[in-house]
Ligand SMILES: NC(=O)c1ccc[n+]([C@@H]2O[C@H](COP(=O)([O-])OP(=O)(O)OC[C@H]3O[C@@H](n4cnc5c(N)ncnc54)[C@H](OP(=O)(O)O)[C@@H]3O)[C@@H](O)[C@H]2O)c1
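In structure tokens, one chain follows: the form predicted on its own.
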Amino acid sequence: MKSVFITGGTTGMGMELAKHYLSLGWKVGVCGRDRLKFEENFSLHRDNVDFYLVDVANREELQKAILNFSKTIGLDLLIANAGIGYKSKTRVPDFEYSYKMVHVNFLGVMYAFETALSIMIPRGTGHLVAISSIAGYNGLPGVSAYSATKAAVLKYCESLNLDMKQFNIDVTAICPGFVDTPLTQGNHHPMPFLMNAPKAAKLIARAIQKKKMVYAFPFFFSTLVRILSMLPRTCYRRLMNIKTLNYSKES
């Protein structure tokens, strides 16, 4: 039996991924900060799934959970899915919340990967996956820390993908656009090409199966974002300044 541990696996995309792997007969571990969400969303899927009450920003808590889950069955796949975003765009950063975002969105990935690698390297096999975002391709107005943390996750995975080949360990960065989850449902700005979570989870699972290094979706939106990332930065900033001015007038 194969095994997967998913951070932030009690709701949204993480929950859908957990249910996908359960349907394939995998042993699944999920962690989150609310046991009630787990009990509500997995009431019909209790077999082969373990829940751990964990804050991913707490290195020791996350380490204990992953080690506990893997001690009898090992660890084939680790999906660092947990993350937080902004409820609204702000022209002046909320630094306290930004610091929290760094701990959850980036350090939470590092903590999960650190523990997973301590299991996978001795076994000489495994797959690490982190959920980045297409927001990581460019510095976006109003969401500075979010763009920064997702860019960090993307580049962190790219580097590790090169480093881990010697241990037969794959590393994948997933860069979704807007997905309809509790994280995005509080957004007060347009979300083009919004996708439902079950469809997003299927696309992600397929990319993991194919062991892609980077997978960005939906195709049209992610292609546009990547084209913007290749523009001379002065051109990009001019475009974003126009957008920011329009946003300022609307707000």
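Numbers for residues come from their place in the sequence shown, where the first is 1. The model shown is predicted, which means the values in this text are computed figures rather than measured ones.
In what follows, reference is made to the form predicted together with the ligand, a form of this protein that is not presented.
- Contact with the ligand in the predicted bound form, judged by any heavy atom within 4.5 Å, is made by just one of 120, 179, 173, 112: 179.
- Proximity to the ligand in the predicted bound form, defined as a heavy atom within 4.5 Å, singles out one entry of 60, 34, 39, 47, which is 34.
- By the criterion of a heavy atom within 4.5 Å, residue 13 is counted among the residues contacting the ligand in the predicted bound form.
- Under a 4.5 angstroms non-hydrogen atom cutoff, the ligand in the predicted bound form lacks residue 79 among its neighbouring residues.
- Residue contact with the ligand in the predicted bound form: residue 54 places a heavy atom within 4.5 Å of it.
- In the predicted bound form, the ligand lies within 4.5 Å of some heavy atom of residue 104.
- Between 67-75, 112-120, 159-167, 83-91, the stretch whose residues reach within 4.5 angstroms of the ligand in the predicted bound form through a non-hydrogen atom is 83-91.
- Using a 4.5 Å cut-off on any heavy atom, the residues of 130-168 that reach the ligand in the predicted bound form are, in sequence order, 131, 132, 133, 146, 150.
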